[in-house]
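There is one chain below, alone, in structure tokens, taken in the form predicted on its own.
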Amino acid sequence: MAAEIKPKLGGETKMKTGLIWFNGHTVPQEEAKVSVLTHAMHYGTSVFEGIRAYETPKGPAVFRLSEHVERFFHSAKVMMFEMPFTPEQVSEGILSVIRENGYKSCYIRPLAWMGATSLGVNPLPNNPAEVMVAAWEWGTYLGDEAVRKGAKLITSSWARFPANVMPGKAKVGGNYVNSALARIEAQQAGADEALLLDKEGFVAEGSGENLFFFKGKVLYAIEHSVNLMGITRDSVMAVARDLGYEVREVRATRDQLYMADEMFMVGTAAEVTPVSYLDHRAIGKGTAGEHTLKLRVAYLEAAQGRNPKYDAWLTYVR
């Protein structure tokens, strides 16, 4: 039976960021200003990360901070940014934003961008990067209903770009025009999220999530191919193996997903979000899957400091 689809309107969250770490100094949001001639505004020359801090029994803790900061600097290297801060300084900036805003849990956005020193297409060599870290309180990415019932996806008409077109292994701001177009298309069609294929027609990822599916008790992770190297993906695979699931990485077509018993998306924002329908076709029973929800609970236990096995993934805010 096809899923009923109704148009969705509106954004995901209203951001109140409070204090921002801005080029090494903590300032109120309204004072964190950049020029309208900023290179990144005109050409998309920025890199960023999405990180979460969770409330734990020992206080707020950032989930896999070192891996996120490492990826942030790898993205900057791909873009040939001259970074004015070290990874250690950015890490401390992240912790200070959480500390000074008094957050127990939050979403964190580090961003580096090419400034306004020059506005030609080539920003080098006289345009050092600027850096900021903002954070805000943010709950379930697609809403609690998507977790309870499963999200509805459609395959986008926009394909994920190949590796010789854009650097998909880096979180570059300009890359996400592709994601934004796919997400807009999905929401205007009444779906929760978009599925993107690569240039050969294989499943790539969501607009901002990696994808998994179950067939029986075997968990299949979509191969990285042109996708971002997902830190949440890596975490979920580790947790799944610890729970006793066999995990295989595969290249899949979308009709393979139609035949799956369960399907879900993962990402820093999405965490572990079940998928109930794809292209008007029920995945399994058309509900949030049993194994998926078990994995979601185990993942959140790890992120929230409720399973000491994964304490090495947490950086506590002191």
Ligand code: PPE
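These numbers come from a predicted model, not from an experiment. Each residue number is its position in the shown sequence, starting from 1.
As for the form predicted together with the named molecule, it is not shown, yet the points below apply to it.
The single contact residue among 186, 221, 146, 228, judged by any heavy atom lying within 4.5 Å of the named molecule in the predicted complex, is 228. Among 158, 141, 214, 81, the residue placing a heavy atom within 4.5 Å of the named molecule in the predicted complex is 141.
For residue 60, no non-hydrogen atom is located within 4.5 Å of the named molecule in the predicted complex, even though that partner is not displayed. Within 4.5 Å of any heavy atom of the named molecule in the predicted complex lies no heavy atom of residue 44.
Contact check for residue 288: no non-hydrogen atom falls within 4.5 Å of the named molecule in the predicted complex. Although the partner is absent from this view, residue 56 stays clear of the named molecule in the predicted complex, with no non-hydrogen atom inside 4.5 angstroms.
Considering the named molecule in the predicted complex, the lone stretch of 267-275, 22-30, 248-256, 280-288 in range is 267-275 [heavy atom distance within 4.5 Å]. For the partner-free chain shown, 107, 109 of 102-134 come within 4.5 angstroms of the named molecule in the predicted complex, judged by any non-hydrogen atom.
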